[in-house]
Ligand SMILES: Nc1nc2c(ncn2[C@@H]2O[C@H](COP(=O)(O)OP(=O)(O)O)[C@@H](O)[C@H]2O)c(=O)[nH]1
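Shown next as structure tokens: one chain only, the form predicted on its own.
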Amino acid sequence: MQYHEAKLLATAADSSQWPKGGLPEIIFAGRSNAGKSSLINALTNRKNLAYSGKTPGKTRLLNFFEVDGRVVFTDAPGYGYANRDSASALMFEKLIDPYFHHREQLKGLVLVADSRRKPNEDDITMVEFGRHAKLSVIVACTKADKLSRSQLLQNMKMIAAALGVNENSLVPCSSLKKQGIEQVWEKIDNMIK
């Protein structure tokens, strides 16, 4: 597994706090507890670059991480957690909407989806947000190590159909076992070319 230089550039509550610079950016979005922070840590081969806690919904701001001086990973807050109220949903929208529509460096969306779960309305909306912003979209299907091969194949078809995406845009992965990490990197490299 390759080591990647990675550092936190900024934590932003609004557009005035977005980092300056022209590196291409990839946003990581998904439900609370889908494994966004763990995936970012696995992609950078770092243990604690992105914070992942036992309590879902810890990330409340956009966190920008520069990787290898060539790409910025933006970790978005998880959405759809049961303990969240409508004020939190509104806060999420106010944080994400301007980023998707006004950030010129934004090149792609990695939707982080638990491979064991059917995508919900929030997941579908996030993919539509990405399409509307003319972003390349890939779906990292995390926790793939927790399913049998046949269950995983079946779930991948179900996830692709629910999100209305091509199965080729899905990558089964496991942050724990470092499975699929290279494939996610290949797709990110294609996004930022």
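Just so you know, these numbers come straight off a predicted model, no measurement behind them. When you see a residue number, it is the position in the sequence shown, counting from 1.
Another form, the form predicted together with the ligand, is not on view; read the next lines as being about it.
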| query | finding |
| --- | --- |
| Answer option from 70, 146, 134, 157, heavy atom within 4.5 Å of the ligand in the model of the complex | 146 |
| Sole residue of 126, 140, 27, 34 within 4.5 Å of the ligand in the model of the complex, by heavy atom | 34 |
| Stretch from 34-42, 164-172, 148-156, 60-68 whose residues place a heavy atom within 4.5 Å of the ligand in the model of the complex | 34-42 |
| is_contact(residue 9, the ligand) in the model of the complex, heavy atom dist at most 4.5 Å | no |
| Partner proximity in the model of the complex: residue 176 to the ligand, non-hydrogen atom cutoff 4.5 Å | yes |
